[in-house]
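Same protein, same chain, two forms; see structure 1 and structure 2 below, as structure tokens.
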Structure 1
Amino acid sequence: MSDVPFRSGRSLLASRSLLALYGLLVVGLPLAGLAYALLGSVGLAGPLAAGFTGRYWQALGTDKDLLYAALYSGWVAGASVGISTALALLLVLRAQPTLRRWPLPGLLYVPLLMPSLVVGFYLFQLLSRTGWLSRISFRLGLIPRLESFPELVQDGAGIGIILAHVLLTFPFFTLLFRAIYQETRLDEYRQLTLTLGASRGQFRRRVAGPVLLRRAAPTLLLSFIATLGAYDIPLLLGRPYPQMLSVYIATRLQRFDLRELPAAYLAGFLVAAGLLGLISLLLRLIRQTQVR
């Protein structure tokens, strides 16, 4: 019996040590990198540190590239999450029997097993002007030449990037909404609303849809943040301009001109601060969901 308190204390110490290490990795090091980026943007850190200066912050007002990258990233992330959410809701609310019938439940897991770089490469081979669809269309006489095939990858609107993210997130959202649908017993509520005289459309719009979206809101926001900071797919399927934020920052950091580093530090600091703000909103949504 005397060993029980000792083992309990040792287990508690191990748990606290593991928690402290985890906190260091996910909070301490990112905050240290954020501080370094801030110091680099004012000339106090980095290879060109020569004393405090605010000229990089002042130049931010005339440099529109970062703003364009932020707007472009917001468009891609919003469109990707929005389309994936709409498709998943449509399937869950209107095709419950199909979701229970093989092989669709198994097929939904296939994209989740594929790395994002593989998905990007697959879509590039499929949708580019020298890809499979353009060659098949040319052989069938649907287009007069390969150059007539529409730009679906490396296009200005980011269609290829959006398609890749939809392919990755739509199955996950479908599985998530299906789990919430079953957990909240929405099928029983559907029978009740139909008995009370409501139509199927009213049940989907006023009961099922709001419940699914409210319960899944933290995950949807997390997917938006992840898409906003994606790198592999935008690098492969995007254009040199406009660029998504991650590609924009990485390009500036990797240039041979060291004079670009402070501006890259500034861009990285602003983007990281914005993402931290979104993450704090995500944590607040999670707490509200748990309270409900």
Structure 2
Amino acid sequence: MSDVPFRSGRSLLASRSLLALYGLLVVGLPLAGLAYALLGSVGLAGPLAAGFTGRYWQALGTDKDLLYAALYSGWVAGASVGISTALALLLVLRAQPTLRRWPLPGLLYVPLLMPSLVVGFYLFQLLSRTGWLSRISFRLGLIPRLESFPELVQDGAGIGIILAHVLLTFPFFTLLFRAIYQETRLDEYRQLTLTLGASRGQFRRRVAGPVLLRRAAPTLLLSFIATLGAYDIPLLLGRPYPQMLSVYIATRLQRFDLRELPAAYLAGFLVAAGLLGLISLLLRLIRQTQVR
């Protein structure tokens, strides 16, 4: 029989070739794309490649668009994750009994079922100046004219984008925090800290909050990275300027003027490299939590 010894040479070979194919797809393809973008940004690859040039890199010094897109994305991601975290903490620490009551356990799963594109479309229909809330306010006489309704979507500060992300993220964080709360048996810690003479507020601030945040840190950071690269929602609820990173790069690459391609490749390369740095930080964080 060929399968002796137990882990036969054949199955080992199959498993190695499977991994090799996987590496080619998951590591090889993105890295090749990254290399292609780098070559494209110095004029060595792409449809109009005309030999090495450093001028697109030099142009970075004067063209601030990419920097603004990065800062804007950072603001949106930071605000979205921050507000979602605060809301979820508030719910788990202050309204734990309510969270167990019908229909909340199931209800919190509902936003997980919504595609971000649909949420974007829905919020546009709800919050824009011609949207439902504006119409109702107008009918009720709360606002005299269409222009008096506050600019909530396609606004400069990205309020609509942030709201959409909060709507999608905070229920997920709530479920996550609740799971960690039970897993780490924080209820027992609560009783313990109370017998040690701490108040309920002190328990929340000094024990529960830090424990939940530390355990959830990798997921929170992953969520931050995902929002940083969000596309669907800012495409529907954002302005042409400032744009979030994904929208900025995609629109530049899809323009008809091929001469803009190298700059777009450069932006793609820089953003990808930056995000890879962030994810390696995340991996280190995950390993630390596992060790702990």
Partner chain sequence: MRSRLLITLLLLLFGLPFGLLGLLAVGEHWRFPAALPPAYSLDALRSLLAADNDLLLGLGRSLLLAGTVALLATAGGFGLARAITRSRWATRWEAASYLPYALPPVLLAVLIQPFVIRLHLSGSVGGVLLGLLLVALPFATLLLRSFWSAQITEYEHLARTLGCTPRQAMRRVLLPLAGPLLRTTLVQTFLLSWFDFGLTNVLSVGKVHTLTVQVFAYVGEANAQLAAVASLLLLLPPAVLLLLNKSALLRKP
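Numbering runs along the sequence of structure 1, starting at 1. Only the largest set of C-alpha atoms that superpose within 1.5 Å between the two forms is called the rigid core. As the structure is a prediction and not an experimental result, all values here were calculated from the model.
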*Eyeball the pair and call it: which is the form predicted together with its partner chain?*
2
*asked:* If the two forms are fitted on the core, does residue 274 show a Cα displacement reaching 2 angstroms between structures 1 and 2?
replied: no
*Is residue 25 one of the residues whose C-alpha moves 2 Å or more between structures 1 and 2 after the core fit?*
yes
